[in-house]
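Encoded as structure tokens, the following chain is the form predicted on its own, with no partner shown.
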């Protein structure tokens, strides 16, 4: 029996040992789903604290409960470790490591390279490797296939290689790893067959595509589409602000059209691991083909400058009460990049915090999910307690993240000026609430007219 047939049989019979390298927001849910499907999983992560936490049955990923983790551990088919030597035991590996940007905004693929080097040390013939990390088109072939071929391994014969982009949406209660369609592209037909077979046992729907490049490009297209449309709405918000029009009412009105319109919403900037980074991966790769994407560059510029717009809006609101940002006490409400999660990756709130500090403000934040972060000085900043009496002592509050647990009417009733960057106070008419995408000056004029009447 050849290597292909042997691995195919193992996958079908669920006797294949599956490795997941990188046990973060992507890797841990994938590992758990693989255990649930009946496979033995060895999870590898170099962070010893994470591994010890998992062994103790304590999850650090919000989408995986302690109960779910403990159920998987009780099967004796989930084994977290920091030791790469376990690769010698594996039949299939999914790589789920970070792919950040360098300080120069170029792709940093060092995590992938490090994993590939470890696999080369310990791999056995017939191994199925699937890269899930978001990256530029061509990565799978350039950084993985080419490296193994240098050692004499043949893709589709001695080893099997696929790319399947992660589509994790932290905090999404409707779509999980299992029921989110999984795109996969193999470097050969045999690679594709094995990859589709394995993932077909893990998730509800597998979407095969012709090549890894198509799969890689599809992920970048998804998030670049979102980045460009969010940037357009951010620009519309600033335009409506200038024109004295409420952008939120405009979006609501436009959304009544049953065809040809898809609502996106402005905000204080973009966050998370995907939307701020993926377009830059695509733009960087395109430049290698002498193609410069103006849409990506413009969208990135608009989104990157939204924290400055929030800073200016805050200054306008403070000015109403004859105050300046310098020396004011400002409370940021919510620091996570999206509602009801603890994920701070690329959160625009972090940049807003730094801008307030740079301009002389005394800044605190309250977030019931994200309890601390490290600022640019390397200092640990902790969330304050949920104390309304304390909240009333601030000169203004800036809502960055619209967590479901916030009591918006009660916050508005405190009488402190509020800058709402998410329209979280929609329907609340308190005069101390100001929204981005609306004009502070126009509102003041209306209030004066109302008082005179």
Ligand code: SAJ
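Positions refer to the first chain, counted from 1. Fair warning: this is a prediction, and the values are worked out from it, not measured in the lab.
The discussion below concerns the form predicted together with the ligand, not included here.
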Heavy atom within 4.5 Å of the ligand in the predicted bound form: which of 144, 270, 215, 128? 270
If we test each of 182, 313, 338, 285 for a heavy atom within 4.5 Å of the ligand in the predicted bound form, the one that passes is 338
Verify the contact flag for residue 264: yes if a non-hydrogen atom of it lies within 4.5 Å of a non-hydrogen atom of the ligand in the predicted bound form, no if not. yes
Residue 223 near the ligand in the predicted bound form, any heavy atom under 4.5 Å? yes
Although the ligand is absent from this view, report whether residue 302 comes within 4.5 Å of it in the predicted bound form, heavy atoms only. no
4.5 angstroms heavy atom contact with the ligand in the predicted bound form for residue 235: no
Proximity to the ligand in the predicted bound form (heavy atom, within 4.5 Å), stretch among 319 to 327, 76 to 84, 94 to 102, 274 to 282: 274 to 282
Any residue of 39 to 72 that, in the predicted bound form, places a heavy atom within 4.5 Å of the ligand: none
